[in-house]
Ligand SMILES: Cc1cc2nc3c(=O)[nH]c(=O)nc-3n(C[C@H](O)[C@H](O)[C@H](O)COP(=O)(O)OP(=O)(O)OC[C@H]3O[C@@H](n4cnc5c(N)ncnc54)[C@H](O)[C@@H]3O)c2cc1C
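Coming up is one lone chain in structure tokens, specifically the form predicted alone.
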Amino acid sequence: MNADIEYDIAIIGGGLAGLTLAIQCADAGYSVVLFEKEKYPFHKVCGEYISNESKPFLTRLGIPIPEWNLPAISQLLITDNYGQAYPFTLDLGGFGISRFRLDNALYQLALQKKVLIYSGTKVLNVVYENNYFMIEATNGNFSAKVTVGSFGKRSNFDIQWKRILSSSENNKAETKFIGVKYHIRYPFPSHQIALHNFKNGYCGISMVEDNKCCLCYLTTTDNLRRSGNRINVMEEDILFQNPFLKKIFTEAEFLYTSPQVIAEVSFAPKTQVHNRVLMVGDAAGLITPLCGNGMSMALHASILAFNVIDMFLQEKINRNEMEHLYSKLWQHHFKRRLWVGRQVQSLMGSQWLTSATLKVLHMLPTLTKKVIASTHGQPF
């Protein structure tokens, strides 16, 4: 495989982690190439809530979050399968913004920083040899000193490289899920994010920009299969058992002709470095959506990756040290958050267990605060 051009850093995937990493690397003077299979702007399955821990970082990068007048979210409302509601306070809080808007803003910023972005381009193969990566893409061959995987929740590379680890700690982690997202217009409180449970799943709703709501749910592939693999049938047969969801789905104005869907999602632990490729964002490890913090984790991971890449390219550390340090830092910041998320998820979606858990959390606000805090980090 002969490379056409050599770069300092190649990034596979242009979501939050990939784009923010590219911007940081470009600001440091490195040559960066980024590959994204979709063309900007585009929608993707996501809860579209970001905790406020990320706001200083996005502002430093050049994204004018305060000027966008986004919905400020300070309350979490959770309902059990029967529609019994339990409100909780989000001490750190967050804001709602669509991936369509945020990813596109980061894309435009990366272009301004002279990042070479190939959108609508797939990476077919990555080979490491002689201290360089050879990258085969649909538009040619490339070479890079460092390659980063930022390819989201599910990728052919996960299958090709057999990256997903088995988990004996939580059988739920082995369950395959399907994620479905809509944008809707619905009179929903702008300060609130709600999570509505149903059999083997839960659905989140919160405001984003332009007076729209993000309506996004996660459920098992078994639920879809039992509904004849028809999403609308599954929604009517299963989601509508929760009266809150029935009201939303029957009264809202749906802004998509069809939903955004991602299948075969796994929350099993993953490796942070594979085949010498550093992983960021969901490619490194996926937090359960009900914890509402995957976007912040992706942004934070880009900082961790940039710091070790910068030291490596300045020859302050070697490649083995870079890989080890990144894995160590990632585990330090995120391992417990993912573990707590999987434990919380194991309590959701079951009729009696969900109800019992929510009652206990409602009666013990100190415990609830600790659980919520354990899935969030400090501002960065």
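Residue numbers run from 1 along the displayed sequence. Please read these numbers as outputs of a predicted model, since none were measured by experiment.
The protein also exists as the form predicted in complex with this ligand; that form is not presented, and the subsequent description refers to it.
Heavy atoms within 4.5 Å of this ligand in the predicted bound form belong, among the stretches 73-81, 183-191, 145-153, 231-239, to residues of 145-153. Out of the listed residues 306, 157, 100, 249, 157 is the one that sits within 4.5 Å of this ligand in the predicted bound form by at least one heavy atom. Proximity to this ligand in the predicted bound form, defined as a heavy atom within 4.5 Å, holds among 328, 319, 44, 335 only for 44. Under a 4.5 angstroms non-hydrogen atom cutoff, this ligand in the predicted bound form lacks residue 272 among its neighbouring residues. This ligand is not shown here, and in the predicted bound form it never comes within 4.5 Å of any heavy atom of residue 201.
At the 4.5 Å threshold, heavy atoms of residue 197 stay clear of this ligand in the predicted bound form, well away from it. Residue 259 falls outside the set of residues with a heavy atom inside 4.5 Å of this ligand in the predicted bound form.
Taking this ligand as positioned in the predicted bound form, the residues of 213-231 that bring a heavy atom within 4.5 Å of it are, in sequence order, 216, 217, 218.
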